[in-house]
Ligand code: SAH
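Single chain ahead, by itself, as structure tokens, in the form predicted on its own.
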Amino acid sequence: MEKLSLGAKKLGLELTPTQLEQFDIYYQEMVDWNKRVNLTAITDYEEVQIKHFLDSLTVTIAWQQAKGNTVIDVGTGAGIPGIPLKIVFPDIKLVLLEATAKKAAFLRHIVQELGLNDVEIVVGRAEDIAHLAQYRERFDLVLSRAVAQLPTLAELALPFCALGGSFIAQKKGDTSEEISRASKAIGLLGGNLREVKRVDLEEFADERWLVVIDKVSPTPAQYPRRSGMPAKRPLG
């Protein structure tokens, strides 16, 4: 895990031998399960260290950790970015939300293998789970990576965010048009665009951004709309 270790240092994170061992186990199990369950197209040892693990940790560039420790990863897939952050910050209380039962089975397995505490795996669609009282507006930090375009993503993620909390979306490439299209949705759902931060690490050849949205007012009760609607008819 040398690539990950060196990259993490550039983010101000000194990974312990135990944490690096956990990342190694995570990699081995992910690749093994990937033969049966479609978890990732990236399986090369060094590529996973950079494109999955280090990429997850770049969230710390914009994450104000003092604001709270309840985190939800919406559409987590193989546990990215939630599990890497949990390995490095074991005190966070993490919810991994995943709609696919087979991926959720992997998540349960890997959480047990890595000995992670305070991790809840929820199987379901964000459109449904966000209307349940125990998850709605309960989280200091909402994360999502490579799930949808920002106008759709805002509707799926912001209902989980507590007032005073933040939603960080990880994006690649030119995001200006996408952010512009999302501005109406962000405001309607109780959000305020705080900043768009560039991930400036030489490990990434492409442009990577963190879109940081603060939750400034409650999300109206009708949002998110029923399953599929946020993607079919994005707000705004």
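The numbering used is simple: start at 1 and walk along the sequence shown. All values reported here derive from a predicted model rather than from experimental measurement.
Another form, the form predicted in complex with S-adenosyl-L-homocysteine, is not on view; read the next lines as being about it.
- Put simply, D140 is far from S-adenosyl-L-homocysteine in the predicted complex: not one heavy atom of it is within 4.5 Å.
- Although the partner is absent here, L116 is not a contact residue: none of its heavy atoms lies within 4.5 angstroms of S-adenosyl-L-homocysteine in the predicted complex.
- Interface membership of K103, defined by any non-hydrogen atom within 4.5 Å of S-adenosyl-L-homocysteine in the predicted complex, is confirmed.
- In the predicted complex, V71 stays away from S-adenosyl-L-homocysteine, with no heavy atom inside 4.5 Å.
- Listed stretches are 161 to 169, 75 to 83, 130 to 138, 108 to 116; the contact stretch with S-adenosyl-L-homocysteine in the predicted complex is 75 to 83, by a heavy atom cutoff of 4.5 Å.
- Contact here is defined as any heavy atom lying within 4.5 Å of S-adenosyl-L-homocysteine in the predicted complex, and by that definition not a single one of M1, A8 and E203 is a contact residue.
- Checked against S-adenosyl-L-homocysteine in the predicted complex, the candidates V95, I87, L156, L150 yield a single residue with a heavy atom inside 4.5 Å, and that residue is L156.
- Residues of 114 to 146 that come within 4.5 Å of S-adenosyl-L-homocysteine in the predicted complex, judged by any heavy atom, are G124, R125, A126, E127, R145, A146 in sequence order.
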